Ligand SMILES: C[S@@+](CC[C@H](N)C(=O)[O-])C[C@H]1O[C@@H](n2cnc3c(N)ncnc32)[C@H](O)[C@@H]1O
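As a starting point, one isolated chain is supplied in structure tokens, in the form predicted alone.
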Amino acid sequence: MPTAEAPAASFGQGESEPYARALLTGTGTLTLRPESGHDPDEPVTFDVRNWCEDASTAELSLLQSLRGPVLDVGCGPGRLLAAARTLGLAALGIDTSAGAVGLARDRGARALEQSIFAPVPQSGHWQSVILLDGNIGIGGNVGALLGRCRQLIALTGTLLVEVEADEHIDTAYSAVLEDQHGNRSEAFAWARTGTAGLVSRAQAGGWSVTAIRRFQGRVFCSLSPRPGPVRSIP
């Protein structure tokens, strides 16, 4: 089964490598902003500690609802992989950042340095696939990413996706990542969507939305694959 093409650039990488720099220290802020200063999309600022610290109580609760094996797409430094291991779940992470993968492995996690759009082990047999911490934006095309996950997951599996708290956000653009010191990445394709955008693409792309949960200002959607051919919806 063919896969989608990999995006040309990856989150926060290239030029001054702000993502890798931030992960090394585990502190500071990173701001995701449109490449063009005239783009109407608002910048989003992240606290790097949230990506590096242990999984939260809410995240542990979500992981406890899943079955293994678990595929963590955009695993970063592996905090959710470490949490999955403590819960007895077999898990694998993938991330395009060598620094993130190294940190995940330092935590004792299994992680591969690669894109979700490259061949993935156990394709079609993952019982759980997770896209948390904004990773629904990977590749700048929510429909294509959902289609790729549909290729990887078992028919009895669950896709867990975090979306924007504002259900009406639905945008895709060329973005850059910048730290508080002005270190800036190359431009990369990115997307943001709330429940409305996710649900419409999920239903059109062969998924059933089985649950929408809200924890501490964050919104998580559980999806189950429907039998039938895989489609990617823009």
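Please read these numbers as outputs of a predicted model, since none were measured by experiment. Position 1 is the first residue in the sequence shown; the rest follow in order.
In what follows, reference is made to the form predicted together with the ligand, a form of this protein that is not presented.
Trainee: Ok, L80, I153, L103, A91: which has a heavy atom sitting within 4.5 Å of the ligand in the predicted complex?
Mentor: Answer to the contact question: L80.
Trainee: Only one of V129, I116, A84, A144 gets a heavy atom within 4.5 Å of the ligand in the predicted complex. Which one?
Mentor: None of the others qualify; the residue that does is I116.
Trainee: Should D95 be counted as a contact of the ligand in the predicted complex, where contact means heavy atoms within 4.5 Å?
Mentor: Output for D95 is yes: heavy atoms within 4.5 Å of the ligand.
Trainee: Would you classify Y173 as touching the ligand in the predicted complex, given a 4.5 Å non-hydrogen atom cut-off?
Mentor: Y173: no, not in contact with the ligand in the predicted complex.
Trainee: Wondering, does G76 line up within 4.5 Å of the ligand in the predicted complex on heavy atoms?
Mentor: Heavy-atom contact with the ligand at 4.5 Å: present for G76.
Trainee: With a cut-off of 4.5 Å between heavy atoms, is T158 one of the residues that contacts the ligand in the predicted complex?
Mentor: Contact check for T158: no, nothing within 4.5 Å of the ligand in the predicted complex.
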